[in-house]
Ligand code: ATP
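First, one chain by itself: the form predicted on its own, in structure tokens.
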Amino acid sequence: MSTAPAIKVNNLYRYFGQLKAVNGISFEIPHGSVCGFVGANGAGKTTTMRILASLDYPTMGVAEICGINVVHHPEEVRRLIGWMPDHFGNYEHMTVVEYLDFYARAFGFSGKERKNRVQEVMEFTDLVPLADRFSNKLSKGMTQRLCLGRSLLHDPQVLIMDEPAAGLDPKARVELKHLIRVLAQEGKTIFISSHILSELGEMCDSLLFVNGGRIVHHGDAETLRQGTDALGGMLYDVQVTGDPQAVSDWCVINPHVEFLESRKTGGRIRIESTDPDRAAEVLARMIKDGLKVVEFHKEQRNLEDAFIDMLGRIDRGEGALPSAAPKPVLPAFTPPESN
């Protein structure tokens, strides 16, 4: 395995006329990790993934898979990646097993090796019961499993998956999450885009947020959930015995604490600090003042709220984007030499 990152993007740009689909992004994904690629429609996700899959040229910048430049050595890159697009074509009157056999031939498998590889992939993706079904007559979940099987035939090191959970029912999403985690445990690197942030948070080691063609966050989901609110405070859930109105009344007369919302046995409060010592002081004062606190814990934001909060900060000019730093002088794109 290469010592270079599984995926490396450095100052990548892709313009379509005046549209800046990708606007100077840089990131690295280590081997054996699962990274979620998050952003609204039109944020630049699919364009970035197509460049990584050697299906599009960047305007400027560099993209590499396992240290190999995707522009100058696309055939080498295609042997290393499995590409699972959001939409893909299949063929009428071709069964599932015939479909996978066709692509196994395209990947260079032959004879018994081809038959064995198709069987292995079908077993892994639970397609064996569907072997004789026509590939264009499958449900959405079955179709996604077929696309995943196709992308795994040549045993790639890196999987690039564009919205694989879109349109799946809950059962199919659970099955897909399980397959992704199994692949990660086998050491494969997975770069996956999705609008379902809660599910990405469960199965990804890191999240990469993009907005307007620019990176706005790259880190783990837990950091986002535990992050501060828009004003730099932390939210806590307080539960008491007795009158729940006591929580609201106490907050009114105490500094650095704000009551946000009543609940059945208490309420949500905001402490104007991220310092855990401040939270401990607030709890101690509550107990000293006679509140019968039975539960006091920091609330975790859901990832959707964290993402929206982050974009709001950027719109207000409160957060610097990585690409807001002075831009380097970039070389113009040079097409690969013709053979």
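Residue indices: 1-based, along the sequence shown. Note that the structure is predicted; figures quoted are calculated from it, not measured.
Note that the form predicted together with adenosine-5'-triphosphate (ATP) isn't included here; everything after this is about it.
Among heavy atoms of residue 9, none comes within 4.5 Å of adenosine-5'-triphosphate (ATP) in the model of the complex.
A residue is said to contact a partner when one of its heavy atoms sits within 4.5 Å of a partner heavy atom; residue 195 meets this definition for adenosine-5'-triphosphate (ATP) in the model of the complex. The shortest heavy atom separation between residue 42 and adenosine-5'-triphosphate (ATP) in the model of the complex is within 4.5 Å. Although the partner is absent from this view, residue 33 stays clear of adenosine-5'-triphosphate (ATP) in the model of the complex, with no non-hydrogen atom inside 4.5 angstroms. Shown alone, this chain has one stretch from 274-282, 287-295, 25-33, 45-53 that lies within 4.5 Å of adenosine-5'-triphosphate (ATP) in the model of the complex by heavy atoms: 45-53. For the stretch 18-40, the set of residues having any non-hydrogen atom within 4.5 angstroms of adenosine-5'-triphosphate (ATP) in the model of the complex comprises 19, 21, 40, in sequence order.
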